[in-house]
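What follows is a single chain, given as structure tokens, in the form predicted alone.
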């Protein structure tokens, strides 16, 4: 009887989730295992042989100053971008759930940048920073806009942050909108009856009940910012003087440009572990705050 039940469950699983499992294994599990194997070789991506070198690639990773500089740069970019994305997204969500006229139109408009591919987005904003802003700054005699921000080290990082906020804020806004709409209006009205103004009701009632939305948005923005590559490639390409090379771009260059697949894969694994540790820690802390709220 137990065997028949087990067989029936296996058949059900194969029928409903079999193809998804095969696809997930082919796209994620097998490449990940193969990547772990490559970290133990000195493969150049072209030759048939893959010489085994043991942990030499991991030693090279920890000795690669450029990788750690790129990772530190990514951490700074991520912290600033995550804070700004979520602040802007929360403000936009508050705006489009406050009963303003045409709020559905504004929701669609704010979400639209997220639909544009990162490569296209980077080239569009590259034109804006290099041509549109400089032309405007020259005609209005605004010194800060007269030269392209992409030409300076700090300016290139600032441009990356601006574009990331513009791209991600609309998507995170939808999650915050769902959070606002999930809060019962009766609780808000009860708080106002007890003497709270609108701002106090938002701080003391609405925000504590939206912790799950904050957890989701923070996790999504953290992982996206840590793994940013497409906008980095098309907007700055790591310039000027390599000052805007993020960790993902450094890993790509190591593997595909310099043909050091083993070292590149080892650095990719380190980047994955850092991102996973930060993401899981954030979710754990957020879930505890959600329970206490």
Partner chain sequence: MKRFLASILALAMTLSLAACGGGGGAASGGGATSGGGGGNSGDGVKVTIFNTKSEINSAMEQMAKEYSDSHDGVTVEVYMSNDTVAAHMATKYASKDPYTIAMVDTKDVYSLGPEHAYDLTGQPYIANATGCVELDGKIASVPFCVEARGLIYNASAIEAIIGKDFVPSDYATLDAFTALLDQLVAGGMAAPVGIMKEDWSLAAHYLAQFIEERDDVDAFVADLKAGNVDLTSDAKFNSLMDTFDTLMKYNYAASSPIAAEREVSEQKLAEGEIAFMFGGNWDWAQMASFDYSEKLGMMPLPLNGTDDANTKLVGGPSKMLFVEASSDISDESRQAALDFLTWLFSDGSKWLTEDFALVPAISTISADSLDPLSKSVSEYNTAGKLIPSYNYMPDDHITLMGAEMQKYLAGQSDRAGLAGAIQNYWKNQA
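Only a predicted model underlies this, so the values are computations on that prediction, with no experimental measurement involved. In this text, rigid core is short for the largest set of C-alphas that superpose within 1.5 Å between two forms. Residue numbers count along the first chain shown, from 1.
Below: the form predicted in complex with the partner chain, not depicted.
A.B. asks: Based on heavy atom distances of at most 4.5 Å to the partner chain in the predicted bound form, which listed stretch, 82-90, 123-131, 100-108, 201-209, is the contact stretch?
C.D. replies: Partner-contacting stretch among the options: 123-131.
A.B. asks: Using heavy atoms only and a 4.5 Å cut-off, determine which of 114, 223, 182, 147 is in contact with the partner chain in the predicted bound form.
C.D. replies: Checking each option against the partner chain in the predicted bound form, the one that comes within 4.5 Å is 147.
A.B. asks: Between the options 256, 37, 62, 52, which residue brings a heavy atom to within 4.5 Å of the partner chain in the predicted bound form?
C.D. replies: Going through each option in turn, the one that passes is 256.
A.B. asks: Please determine whether residue 76 contacts the partner chain in the predicted bound form, using a 4.5 Å cut-off between heavy atoms.
C.D. replies: No - in the predicted bound form, heavy atoms of residue 76 and the partner chain never come within 4.5 Å of each other.
A.B. asks: Would residue 31 count as a contact of the partner chain in the predicted bound form, using a 4.5 angstroms cut-off between non-hydrogen atoms?
C.D. replies: Residue 31 lies outside the contact set for the partner chain.
A.B. asks: In the predicted bound form, does residue 252 come within 4.5 Å of the partner chain, counting heavy atoms only?
C.D. replies: Although the partner chain is absent here, residue 252 would touch it in the predicted bound form, with heavy atoms inside 4.5 Å.
A.B. asks: Though only this chain appears here, would residue 277 touch the partner chain in the predicted bound form if you measure heavy atom gaps against 4.5 Å?
C.D. replies: It does not: once the partner chain is placed as it appears in the predicted bound form, residue 277 has no heavy atom within 4.5 Å of it.
A.B. asks: Where, within 16-38, is there a heavy atom within 4.5 Å of the partner chain in the predicted bound form? Residue list please.
C.D. replies: The stretch 16-38, when checked against the partner chain in the predicted bound form, contributes 19, 22 at the 4.5 Å heavy-atom cut-off.
A.B. asks: When you overlay the rigid core, is the Cα of residue 18 off by 2 Å or more between the shown form and the other one?
C.D. replies: After core superposition, the displacement of the residue 18 C-alpha between the shown form and the other one reaches the 2 Å mark, so yes.
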